[in-house]
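Okay, so here's just one chain, in structure tokens, the form predicted on its own.
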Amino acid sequence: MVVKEFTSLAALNDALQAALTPGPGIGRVVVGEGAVPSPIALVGEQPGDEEDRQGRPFVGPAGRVLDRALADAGIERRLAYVTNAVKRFNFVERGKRRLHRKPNASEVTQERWWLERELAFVQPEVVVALGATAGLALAGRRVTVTRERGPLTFGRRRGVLTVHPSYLLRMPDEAGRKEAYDAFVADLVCAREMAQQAGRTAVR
């Protein structure tokens, strides 16, 4: 890869789309969206099946959970910025279905270069890592959500490590799901308050 500087996020995204193409088991590039600059950036793992079809991040079932949690945390999504550590849907075909395949550490590391430049344009005061894969991309090391959840420094950036909203969808019982959801909202409130303390806000 030839390292170059970009004059805008749009130029970066154009280069990203040219560099990372679809292929067997790999969907198209889904770039981030939201306010630029933004006080809060939320980074997930990778697009899902619905995101790949629509070409937008967090528009599937996990995205709907995230939207509700952001609203409950007092954060307006359009004033935040949402993206993924890995920009393409990695999947395994099972008949007509495309099943999620978790990206490995090498794939996350290869795309970290793009994420860093993306966040440089977004200029977030706080970065929220939604799950361990996003945490790996942001911290440059493996992170464990159960041990490190909460405020965390990602290089020079202040951040919050929390679960991915898809985790809440996988919980079998309603009581546990509600408890986990409330904890997720609390993490987003923490991010909002950190941004407000720095004089920047994405509140409704």
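We number the residues from 1 along the sequence you see. None of these values were measured; they are calculated from a predicted model.
One more form of this protein exists, namely the form predicted together with a small molecule; it is left out here, but the text below deals with it.
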**Message:** Please identify, from 43-51, 135-143, 172-180, 152-160, the stretch that has a heavy atom within 4.5 Å of the small molecule in the predicted complex.
**Reply:** 43-51
**Message:** Taking the small molecule as it sits in the predicted complex, is P39 in contact with it (heavy atom to heavy atom, 4.5 Å or less)?
**Reply:** no
**Request:** Answer yes if any heavy atom of L168 is within 4.5 Å of a heavy atom of the small molecule in the predicted complex; otherwise answer no.
**Result:** no
**Message:** How about V65 - does it come within 4.5 Å of the small molecule in the predicted complex, if we only consider non-hydrogen atoms?
**Reply:** no
**Message:** Contact with the small molecule in the predicted complex for G32, defined as at least one heavy atom pair within 4.5 Å: yes or no?
**Reply:** no
**Prompt:** Three residues, R28, N90 and P103; all within 4.5 Å of the small molecule in the predicted complex via heavy atoms?
**Reply:** no
